[in-house]
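Listed next as structure tokens is one chain, alone, in the form predicted alone.
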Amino acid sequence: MKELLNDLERWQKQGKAVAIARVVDTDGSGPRMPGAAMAVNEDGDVVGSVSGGCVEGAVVVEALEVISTGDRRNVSFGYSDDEAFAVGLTCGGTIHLFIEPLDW
């Protein structure tokens, strides 16, 4: 999370709505360990990473929906998941994320 702080501070000063996605668990091989985080603002700007790039695009879509609805959600991407494979999660495992709006 520390690598996100400067951007989060800037977005807060700009009054941007933000969602935070965190890796909360992995099954098998995962690109990032639990605790890895990514922030997305209402404009679709991104800082951090939850998958080293392989599912970030899908996570941005989920995060923008969280910003829009205000609803927290758990999402998972895994090798056997057709959507995850389509967006590039080929490491053989599953990552589980928790995405929530940031309450300034």
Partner chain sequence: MAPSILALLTETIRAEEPVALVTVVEGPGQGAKLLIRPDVDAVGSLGHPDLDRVVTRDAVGELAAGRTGVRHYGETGEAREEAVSVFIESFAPPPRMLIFGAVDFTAALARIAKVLGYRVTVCDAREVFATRQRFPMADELVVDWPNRLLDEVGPTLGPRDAVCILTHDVKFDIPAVVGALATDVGYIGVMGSRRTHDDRTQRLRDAGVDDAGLDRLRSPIGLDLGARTPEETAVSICAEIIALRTGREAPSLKFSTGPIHRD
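Positions refer to the first chain, counted from 1. Since the model is a prediction, treat every value here as computed from it, not as a measurement.
The form predicted in complex with the partner chain is left out here; the points below concern that form.
Under a 4.5 angstroms non-hydrogen atom cutoff, the partner chain in the predicted bound form has residue 30 among its neighbouring residues. Under a 4.5 angstroms non-hydrogen atom cutoff, the partner chain in the predicted bound form lacks residue 68 among its neighbouring residues.
In the predicted bound form, the partner chain lies farther than 4.5 Å from every heavy atom of residue 14. Among residues of the shown chain, residue 53 is not one whose heavy atoms approach the partner chain to within 4.5 Å in the predicted bound form. Along 11 to 25, residues 12, 22, 23, 24 each place a heavy atom within 4.5 Å of the partner chain in the predicted bound form.
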